[in-house]
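Shown here is one chain on its own, the form predicted on its own, set out as structure tokens.
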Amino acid sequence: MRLKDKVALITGGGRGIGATTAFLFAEEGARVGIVDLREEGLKEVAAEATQKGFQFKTFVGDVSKKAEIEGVMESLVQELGRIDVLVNNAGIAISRPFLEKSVEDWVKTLEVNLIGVFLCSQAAAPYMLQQKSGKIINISSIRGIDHCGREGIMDYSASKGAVINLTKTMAKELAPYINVNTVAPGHTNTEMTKSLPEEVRRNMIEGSYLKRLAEPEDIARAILFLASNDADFITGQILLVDGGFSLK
């Protein structure tokens, strides 16, 4: 029960890492809100939560829209009384060769992956500062680490590198009351990777020194650590969960 009586909001909570993290947080005693663009995904996760004896607050919202995310945060605090943990997990990737990349691809990717992190954090921070405590965990990617960017998704890679820098600067500005850290997952067994060609998935596995893809639970446990009291003296840091991929 490492998050007993804590209130957490997880963006991109309608599937994958976000949904897995929501269930793990609930098992650890947190009251959980999830926000996603896809209402269908939210309903599925909420129904599964009910079957497991949990009750999630669900919010349809676009993290790149200031008014929408401020409304979500206000509703969450009104209903649950506070916000202790924010997990900025929502993200997108648009795969296209460099010479075919468009400005629209870049703008959309940066709006969700980077500006969305900023807006959600800006909406949560006043509540956390008022209560003099809070944890913000931003989800980056191994692709945001120096030399690990990937061709075809350079806009995604750049946005995730920017999330790491944003995490460090937010950690400085929001100290001493708010801890801000980032988790950088490696290749993870989610809907996004399951749709890739088998050869690509095989190369991902071979690129890991542990010779497997991460499972969403692997990433969720790292997020839980940073959200818990175990990480009270950690801020501005990157936690790589990549099976050693970045060692290459």
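When you see a residue number, it is the position in the sequence shown, counting from 1. Values in this document were obtained by computation on a predicted structure and should not be read as measured data.
Here the subject shifts to the form predicted together with a small molecule, a form of this protein not shown in this document.
Visitor: Could you check which residue among Thr58, Ser208, Asn181, Thr190 gets a heavy atom within 4.5 Å of the small molecule in the predicted bound form?
Guide: Going through each option in turn, the one that passes is Thr190.
Visitor: Sort through 136 to 144, 172 to 180, 98 to 106, 122 to 130 and report the only stretch with a non-hydrogen atom within 4.5 Å of the small molecule in the predicted bound form.
Guide: Looking at the other structure, the answer is 136 to 144.
Visitor: Taking any heavy atom pair closer than or equal to 4.5 Å as contact, tell me whether Leu76 reaches the small molecule in the predicted bound form.
Guide: Answer no; every heavy atom of Leu76 is more than 4.5 Å from the small molecule in the predicted bound form.
Visitor: Consider Leu86 of the chain shown here, and say whether it contacts the small molecule in the predicted bound form, taking contact as heavy atoms within 4.5 Å.
Guide: Because no heavy atom of Leu86 falls inside 4.5 Å of the small molecule in the predicted bound form, the answer is no.
Visitor: With the partner left out here, check for me: in the predicted bound form, does some heavy atom of Glu44 sit within 4.5 Å of the small molecule?
Guide: Contact check for Glu44: no, nothing within 4.5 Å of the small molecule in the predicted bound form.
Visitor: Applying a 4.5 Å heavy atom distance criterion, does Leu114 contact the small molecule in the predicted bound form?
Guide: Result no; Leu114 lies far from the small molecule in the predicted bound form.
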